[in-house]
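So this first bit is one chain, no partners, the form predicted on its own, shown in structure tokens.
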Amino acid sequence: MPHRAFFWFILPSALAMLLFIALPIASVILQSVHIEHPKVMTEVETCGPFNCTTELRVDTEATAELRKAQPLGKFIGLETYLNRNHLAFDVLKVQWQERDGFFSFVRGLYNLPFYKALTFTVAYTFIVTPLVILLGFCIAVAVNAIPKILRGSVIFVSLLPMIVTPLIGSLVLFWMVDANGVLGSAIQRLFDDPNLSLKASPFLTWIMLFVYGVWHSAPFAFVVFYAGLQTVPQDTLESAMIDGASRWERIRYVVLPHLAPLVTFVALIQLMDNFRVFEPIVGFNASASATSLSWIIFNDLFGQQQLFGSAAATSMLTILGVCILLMPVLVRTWRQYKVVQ
């Protein structure tokens, strides 16, 4: 393709990436090294019939002028990244020096808000992602093996979790596990404990969030793998059957190698989505037992105080975490591409 034709071909995509990816990330980086201006306080003396009192009040005009002069806020460099609500290196250093064993250090680490959210985020990502891939592949193989007359209805039922809005799906499961819900009341009767509540236990709350994540994301993996199964060479499968290969051997040595690129694709998508888990925590109202990096960003932006600098810093750390997670998969894919070339 001539260079001029290639330039005009790639220009719309390049402009879109610049406007909707590069510039927003640059603005977030810029905001992350600033903090909000403190409110300007002034002493106001109020005199009554008997005495005078002095009190501090917010000077709205001075505060507005300060914010107008420096709209991004006060420049503080990397202090937001290093404070107690984020990486907290100083706190970690003190805890490491005063530790009473490794597990006590880990407990202290979990008490820090950023590392608490990071723990759940990483656990959710590395538990839900492989289960989604495995369950989606199993469903695809099962659906591909049933008679064609039944496949349409089975595929429709299998896709329902993906059709349901994530927030609505999490709310439905939240109501089901309630003490008065179907699952909640059934578990109470099973264990003969009327006070048993899935919502009261952080561990069970995590399990519920993991189950919901697998339930909601498995249809996507199923669709991808089912489409890939339609492209498996039938000649190779028939040759394997003639050679006496069992069903498991055909899947292992013929189907799985053929679907390997799709497994990589699903893994990439799921790693990015699961590391940004947010809707289930809101839907389950589980922020007391489980918080994620995305939930921290939401809380900074829409909590009691709007902490734009803190939200921007957490956003950049989340992007960095996604890049670290994707790096091994991308490097492996690049090496395979070089071998093919």
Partner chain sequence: MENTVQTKQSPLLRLILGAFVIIWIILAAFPFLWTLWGSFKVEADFFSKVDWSFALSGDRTIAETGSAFTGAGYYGAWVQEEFWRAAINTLIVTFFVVIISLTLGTLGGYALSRSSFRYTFWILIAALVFRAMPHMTLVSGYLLPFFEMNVWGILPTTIVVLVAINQPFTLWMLHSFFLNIPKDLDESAMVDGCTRFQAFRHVIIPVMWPGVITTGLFSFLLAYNDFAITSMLLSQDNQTMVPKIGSFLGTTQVQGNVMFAVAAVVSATAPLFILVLLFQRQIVSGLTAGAVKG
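What we label the rigid core is the largest C-alpha set whose atoms superpose within 1.5 Å from one form to the other. Numbering follows the first chain given and starts at 1. Note that the structure is a prediction, hence the values are computed from the model and not measured.
Another form exists, predicted in complex with its partner chain; not displayed. Remarks below refer to it.
Asker: Among Gln230, Gln97, Ser246, Asn195, which has at least one heavy atom within 4.5 Å of its partner chain in the predicted complex?
Answerer: None of the other options qualify; the answer is Gln230.
Asker: May I ask you to choose, among Leu173, Val254, Leu109, Leu118, the residue with a heavy atom within 4.5 Å of its partner chain in the predicted complex?
Answerer: Among Leu173, Val254, Leu109, Leu118, a heavy atom within 4.5 Å of its partner chain in the predicted complex occurs only for Leu173.
Asker: Please state whether all three residues Leu135, Asn180 and Phe265 have a non-hydrogen atom within 4.5 angstroms of its partner chain in the predicted complex.
Answerer: Per the other structure, all of Leu135, Asn180 and Phe265 touch its partner chain.
Asker: Tell me the stretch among 100 to 108, 215 to 223, 82 to 90, 123 to 131 that has any heavy atom within 4.5 angstroms of its partner chain in the predicted complex.
Answerer: It is the stretch 215 to 223.
Asker: Is Ser185 part of the interface with its partner chain in the predicted complex - any heavy atom within 4.5 Å?
Answerer: Yes.
Asker: With the partner left out of view, is Gly77 within 4.5 angstroms of its partner chain in the predicted complex by any non-hydrogen atom?
Answerer: No, Gly77 stays farther than 4.5 Å from its partner chain in the predicted complex.
Asker: So, in the predicted complex, is Gln306 in contact with its partner chain at a 4.5 angstroms heavy atom limit?
Answerer: Taking the distances in the predicted complex, the answer for Gln306 is yes, it comes within 4.5 Å of its partner chain.
Asker: Is Thr205 one of the residues lying within 4.5 Å of its partner chain in the predicted complex, judged by heavy atom distances?
Answerer: No, Thr205 is distant from the partner.
Asker: Who in 225 to 257 is close to its partner chain in the predicted complex, meaning a heavy atom within 4.5 Å?
Answerer: Heavy-atom contacts to its partner chain in the predicted complex: Ala227, Gln230, Gln234, Leu237, Glu238, Met241, Arg247, Arg250.
Asker: Look at Trp248 and decide if its Cα position differs by 2 Å or more between the shown form and the other one after superposing on the rigid core.
Answerer: Where the cores coincide, Trp248 still shows a C-alpha shift between the shown form and the other one that is 2 Å or more.
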